[in-house]
Ligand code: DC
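The form predicted on its own is given below as one chain in structure tokens.
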Amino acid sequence: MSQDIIAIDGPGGSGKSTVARTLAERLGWAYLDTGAMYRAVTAEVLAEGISIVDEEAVVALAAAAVIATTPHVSINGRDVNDEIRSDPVNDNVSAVSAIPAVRVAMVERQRAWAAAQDRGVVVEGRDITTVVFPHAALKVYLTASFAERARRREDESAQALGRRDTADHARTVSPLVQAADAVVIDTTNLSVEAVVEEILSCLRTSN
């Protein structure tokens, strides 16, 4: 499967989801938003009244949960597509995703999902190029200025985005880092279509 995987990493607001979804549509490939998986777990943890610091309970929920990310994000049959962008989830998703056993459970699911596809896949998140699919055919790291990323994230304050940046880069397990062999694209002044075209050009070159 590694020859049919495009892995896209980057911080919040860099354009990962929109670019990855558009790219998958252009190629006719499957698409997975791994960040939505962590957000779904966080939403369910909060809905169940589980304390974020109760790692055992959080891990148990994550391991047992049935998560779907298309066409809408759901967990255990409950549609959380809008809920995962709420302030409570924004404020707590970094803590949930930093729990090692939660990441192990999600990574296993992400790899299993890719292996089950009968076509190429585009996967995006914050550890896709370095941890989940380090041997992907094409690895891309999207970035943008903080001001632009904050402008794009209408559901999240600049302060919250900054805190999540710090947490994502500093966590012990699977921190957000740029893979040495990733193609880096600054999306600050680029349209989604321009970014997609650049990735497609890189894909053609790599084949």
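Here the structure is a predicted model, which means the values were calculated and not measured. Sequential numbering from 1, following the sequence displayed.
The following text describes the form predicted in complex with this ligand, which does not appear among the structures shown.
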Is V93 a contact residue for this ligand in the predicted complex, using a 4.5 Å heavy atom cut-off? yes
Can you tell me if R39 lies within 4.5 angstroms of this ligand in the predicted complex, counting non-hydrogen atoms only? yes
Interface membership of R152, this ligand in the predicted complex, 4.5 Å heavy atom rule: no
Answer for R85 alone: is it within 4.5 Å of this ligand in the predicted complex, judged on heavy atom distances? yes
Within 4.5 angstroms, counting heavy atoms, which one of the listed stretches 138-146, 164-172, 22-30, 57-65 is next to this ligand in the predicted complex? 164-172
Go through 98-117 residue by residue and record those having a heavy atom within 4.5 Å of this ligand in the predicted complex; state none if no residue qualifies. R103
